[in-house]
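Here's a solo chain for you in C-alpha cells, the form predicted alone.
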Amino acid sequence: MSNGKNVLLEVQNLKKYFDTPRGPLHAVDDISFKLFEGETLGVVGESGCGKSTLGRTILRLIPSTAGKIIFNGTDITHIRRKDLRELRKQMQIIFQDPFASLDPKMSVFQIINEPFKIHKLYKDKQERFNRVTELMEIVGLDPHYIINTYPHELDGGRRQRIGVARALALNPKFIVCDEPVSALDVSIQAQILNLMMDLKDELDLTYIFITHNLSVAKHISDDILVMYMGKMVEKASSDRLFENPLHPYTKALLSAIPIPDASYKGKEAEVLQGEVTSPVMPSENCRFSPRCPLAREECFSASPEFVEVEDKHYVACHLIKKCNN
C-alpha cells in the first residue's frame, strides 16, 4: 500500500512482440510497475516508443507475449473471454482521435448508450435515456441540444467529451487515456484535462495517461514513466522527475519543452544526434546508446538494469553517476 491506498494494477515484466518478416518487433519489452488506486501514471516518450501498445496490452485489447497483468488482485493475463467481458466494466480507454473512435453512423445518444446494450444494462428505455443524459451532463455536454446529433456535426472538444462519457458509462475503476488531448486545440486541451482531473477526484478513478507532451504529463500525473524503444528508462514522481532528471533521454525531452517567455536565456534544447536503432530483434545493449552524448563502451555491449537510485526514483543507465553530475 502507498499512503493507505491499495495496488489496483501491477504489471510484471510485460512484453509485447509483433512478428515481422525480419523477426520480432519489440514494441513493449520488460515493463514493470505498480499503480495505486486513485493515482495517475503518466507514460511519456517519442512517437513509436511503445506507449499506446503498452496501454492496449494492459487492457487485453491485444494479447501479451510474456509477463503478467494483475488487476485488483487478479491475474488477467490469460483470462477467459467470458470473464474478460465482465472485466471490461472496470477497465476502459479514451482514444487519441475522437473523430476516428466514434461511429459516424451513430448519434450521440447511440454512442453513449452502446455499452449498456452490450452489457444488457438498464432494460427500461427511460432509465437508459436518463443515464445517458446524466453522463452527458457530467462531462459538460447539454443533452437538449446535441443528444441526437452525429460526430461530424460537432467540434473536437465535444467529440472527445462524448468519448469520455462512453468510457465512464459502466462506472470503471481504471481508464487508459491514450493521448486524449493531442488532437485538440490548446484551449480545448486545457478544458478536457481539467474535466478529467475533476472526474478523477469525483469518481475515484485511476488513470494511465499516455502522452508525448511532458508539460501535460506533469500537470495531470502523480508519477511519470519514461519509455524509449519499448524499454523503461526512468520512473519517478512528477515533481522529482522535473527537478532531477537522471537519464540523458529524459533530460533531452525536458530541454525540448517550449519556454513561453521570449526573454528566457536558459539552457538550449539538447538536440539528439544519431539514428534510432531498429526495434526488430534489437541488440543486447542500451537502446539509447547510438544517440546518447555520454555513451561509453559498456553502453554498446550490455543492457542497463532498471534500478532504484533514490527513494522511488528508478533509472536504467550505466552512467548514472555521470548523468547525475
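Each residue number is its position in the shown sequence, starting from 1. Predicted, not measured: the structure shown is a model, and the values here were computed from it.
Keep in mind that the form predicted in complex with a small molecule is missing from the display, and what follows is about it.
Asks: Please pick out the stretch from 33-41, 66-74, 285-293, 46-54 that is in contact with the small molecule in the model of the complex, where contact means heavy atoms within 4.5 Å.
Replies: After filtering at 4.5 Å, what remains is 46-54.
Asks: L25: heavy atom within 4.5 Å of the small molecule in the model of the complex?
Replies: Within the cut-off, so yes.
Asks: Please tell me whether the candidate spot formed by D29, P180 and Y228 is one where all three residues come within 4.5 Å of the small molecule in the model of the complex (heavy atoms).
Replies: Looking in the model of the complex, the three residues D29, P180 and Y228 all stay beyond 4.5 Å of the small molecule (heavy atoms).
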